[in-house]
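Next comes just one chain, in structure tokens: the form predicted on its own.
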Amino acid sequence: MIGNVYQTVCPGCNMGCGLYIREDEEGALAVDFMKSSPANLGKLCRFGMKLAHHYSKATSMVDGKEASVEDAVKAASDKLKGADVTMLGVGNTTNEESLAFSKVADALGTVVNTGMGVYSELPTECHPTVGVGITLDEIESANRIALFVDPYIQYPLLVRRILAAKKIGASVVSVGWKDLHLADENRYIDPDLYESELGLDSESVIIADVHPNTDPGWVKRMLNLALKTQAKILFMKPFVNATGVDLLCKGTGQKGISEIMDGINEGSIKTLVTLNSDPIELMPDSDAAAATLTKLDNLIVISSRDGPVNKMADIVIATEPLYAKAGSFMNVEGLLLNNSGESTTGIDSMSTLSQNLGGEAMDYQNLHNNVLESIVQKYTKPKYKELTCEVLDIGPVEEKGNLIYLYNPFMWFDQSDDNDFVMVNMNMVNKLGLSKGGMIALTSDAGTVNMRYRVEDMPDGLILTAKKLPVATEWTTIVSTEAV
């Protein structure tokens, strides 16, 4: 196939799986394995395999009409001068673009919010451990692994690491919403009993995750468990450069995506600028998020892909596709991964935007050098930061509903998925009189949806979904059920 071949990183999560993108002369994409990739050892999960279906290039727009990048940047400059601006960049792009975005924020006298509101609830000494976890290789050498995620659904490439650990004698305990086949034990116990009943010690590893809708109390509970047992901990994250953007934006404010949306609804936020960050995709209720964005005076989107938010934006500044960018990413274990792309359209656009707003000019090489100095040298040697904070006051933990989201890349990117069903246990099937091949009706304050179902071993009363549903309003939602 004649065209371009890019060595890049899968944008599905912060695992940092390497792959090749092949782009032919007509722009059609194909995905190929990268056998030398240290994070995924040449393998790809089902999201990575469908990556070619994920990319849709953005188009620069001004007031609903196609425009040149230059005109879009000028229009954005005019709207931003003198405005009270909120900026959102969750880490769906390179370190260098994230740093350029923060310099635009400097010119505006504001900060970049990463959407991870949980950080504002944690002592700063805990941030490095949440940001950069153990190496993925260390999972394989653990004596005991405590899983607080479902790797099959959420982070599939973890499965190989866990199985490698089991092969040399590790035991695995799953403390989740449903039984996992790879676990030696599946436990549904009171969180206050984790320390006494999970059997963790300094040779153990805890695997949890953190995302924009994570309850801060839950993260504190995981950190306390690590502190009390001396186990090491790894927080998986949903975005390709979630680790890098957190380290680059450290100390500049960590307003959560929910706080931003609340501010828009309350009228305290009138202008929002996003960098490869789509609130419609990020929020549990996409329709409610879209309705919220209509309340803005100005919505300016800087993006490499054509997400739902682009269609609502006053201005879209289109950048090159992720795989074509010059730049780097930092994965969950603190490993710096480089793109082979050479395009700097996004950086150049933000440089012009910065200058138009009275800020500094930027170029790729200086930004890259800054990245190497500011995060690589400072935060990744050694890679894992031992916890130095004291046991944390958990405070109130969010009340749970019975419909629970298992966040995964298909949900963050609003991509179609084969998992078009919900998971229930056999007791619910019998109680509701669900028929084989039938459907279950889920009803909340947001309406009703009929779904196929699959039976899993899990606690009574719970309904799990790996797909966004119109009846879900939060990470957990209270729904009523009946057979259809």
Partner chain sequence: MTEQEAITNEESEEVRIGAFICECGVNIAGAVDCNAVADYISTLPNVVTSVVNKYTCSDAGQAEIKNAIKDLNLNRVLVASCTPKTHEPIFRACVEEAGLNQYLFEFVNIREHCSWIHMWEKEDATKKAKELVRMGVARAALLEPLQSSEVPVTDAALVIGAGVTGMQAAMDIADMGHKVYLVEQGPSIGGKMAQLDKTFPTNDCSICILGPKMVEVARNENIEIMSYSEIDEVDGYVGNFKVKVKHKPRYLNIDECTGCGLCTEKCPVEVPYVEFDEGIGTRKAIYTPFPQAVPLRALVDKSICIDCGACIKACERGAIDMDQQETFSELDVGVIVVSAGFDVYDPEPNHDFGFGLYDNVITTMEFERLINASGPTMGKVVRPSDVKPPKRIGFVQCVGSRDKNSNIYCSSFCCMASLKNAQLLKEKYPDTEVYIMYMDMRTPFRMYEEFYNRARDMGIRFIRGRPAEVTENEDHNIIARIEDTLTNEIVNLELDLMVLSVGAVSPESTETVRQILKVSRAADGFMMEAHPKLKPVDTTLDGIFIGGMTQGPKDIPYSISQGSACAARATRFLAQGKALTEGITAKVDEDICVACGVCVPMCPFQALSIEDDKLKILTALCKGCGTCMAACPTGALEQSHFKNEQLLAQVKNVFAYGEV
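Note that the structure is a prediction, hence the values are computed from the model and not measured. Positions refer to the first chain, counted from 1.
Keep in mind that the form predicted together with its partner chain is missing from the display, and what follows is about it.
The three marked residues, 426, 429 and 453, each reach its partner chain in the model of the complex, with a heavy atom inside 4.5 Å.
Listed residues 458, 61, 58, 434 were compared with its partner chain in the model of the complex; 434 is the one with a heavy atom within 4.5 Å. Proximity to its partner chain in the model of the complex, taken as a non-hydrogen atom within 4.5 angstroms, holds for one residue of 445, 70, 66, 420, which is 420.
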